[in-house]
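Just one chain is shown here, as structure tokens, and it is the form predicted alone.
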Amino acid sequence: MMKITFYDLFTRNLAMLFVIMLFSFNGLAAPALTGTSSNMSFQVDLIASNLQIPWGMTFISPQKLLITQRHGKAVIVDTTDSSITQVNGLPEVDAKGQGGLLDVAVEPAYKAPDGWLYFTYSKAVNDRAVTVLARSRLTENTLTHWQELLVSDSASSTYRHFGSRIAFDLQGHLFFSIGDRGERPNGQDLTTHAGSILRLNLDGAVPPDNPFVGHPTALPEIWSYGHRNPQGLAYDTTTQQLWTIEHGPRGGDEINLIEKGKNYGWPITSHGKEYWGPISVGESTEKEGIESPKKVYIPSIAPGSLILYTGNAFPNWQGDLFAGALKLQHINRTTPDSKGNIIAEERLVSELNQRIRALIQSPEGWIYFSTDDGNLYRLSPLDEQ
């Protein structure tokens, strides 16, 4: 029998430590877990960490992600070597409570340095906070030509429910969401942008076919209303359908299929309960003239994002919706049928035990996702790396 000495153990452990450090210093992806879904195997790799709260992200090249951090900064992560570069040129952000630097998205057919990046963030206006939509250009790691397209009429003394996600319809328009800002009546008030999904041209102008253009008591940017806090927004370019996932009160998160000019009920209808007791919020769960959700989550999963999967890496997921869950800490996969009804649900990567904030599909059809612990992960077919 071979005798193992203290020196042998020491040198083996030292060699293992060296390998771990080598992976760390070279920024190489570290495997986190594996799993299966819809008869497809996947792996999850840790790509980067220490990203504060990475709230939104977008690909600025096939290998580089620009990631916003809620405290008001942004970084570029190279997914090939995990290197991180700070972004310069950001505006002052009112980063308090749920506010801060929020979503980021590149325009369709984006190409640097002339393409536009779109941002949403909270801004202080007369000692109150509002959600702002802006755009900028990126040269290397510096933002230039900053333009505020809409400083929304959504002021509130609370620092809750800013929204705010961005989606494009590939027809010259963008949508972005704003929550009720912690004031429930805003959901039914068309004189404020709060509690609404807005639709604009890419330059910030109001499209003439918006539903409330010319309405004497409604803001023309509003596309739909009656929303509590939609933090996920995805546009299906094949079916020309707009999806949102939004926070309900205690219980009652919703997936909604958005139609022009429709009322989605908050706070008249709701499936949730008051935080201070088992009292239902709203008059009922359904009411004539109000659109009902396609799916309700009881208990709440606390959804933080939404994408529609269209990639080839996981063909059995095509057309499915993926949402990040904050409270219940997983990726929530749902399958809509041809009529928009949700017919299946699955919960992925719950083993990570992390609040999943943002999701994005890569050019390869992989899914990158961020967590409130400051981590960036990649979900890809098993052993494809």
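Numbering starts at 1 and runs along the sequence shown. Note that the coordinates shown come from a computational prediction; the quantities given were computed from them, not determined experimentally.
There is another form of the same protein, the form predicted together with another copy of the chain; it is not shown, and what comes next is about it.
Though another copy of the chain is absent from this view, in the predicted complex it lies within 4.5 Å of a heavy atom of just one residue from Gly214, Pro278, Gly289, Pro113, which is Pro278. Site annotation in the predicted complex: the residue of Arg135, Lys294, Arg184, Lys262 reaching within 4.5 Å of another copy of the chain with a heavy atom is Lys294. The closest non-hydrogen atom of Asn316 lies within 4.5 Å of another copy of the chain in the predicted complex. Using a 4.5 angstroms threshold between heavy atoms, Glu346 counts as touching another copy of the chain in the predicted complex. In the predicted complex, none of the heavy atoms of Leu33 sits within 4.5 Å of a heavy atom of another copy of the chain. Contact check for Lys73: no non-hydrogen atom falls within 4.5 Å of another copy of the chain in the predicted complex. Across the proposed site, Arg250, Lys273 and Asn341 without exception bring a heavy atom within 4.5 Å of another copy of the chain in the predicted complex. Stretch 38-46 is the contacting one of 59-67, 38-46, 322-330, 349-357, since its residues have non-hydrogen atoms within 4.5 Å of another copy of the chain in the predicted complex. In the predicted complex, another copy of the chain lies within 4.5 angstroms of at least one heavy atom of each of the following residues of 298-331: Ile298, Pro299, Asn316, in sequence order.
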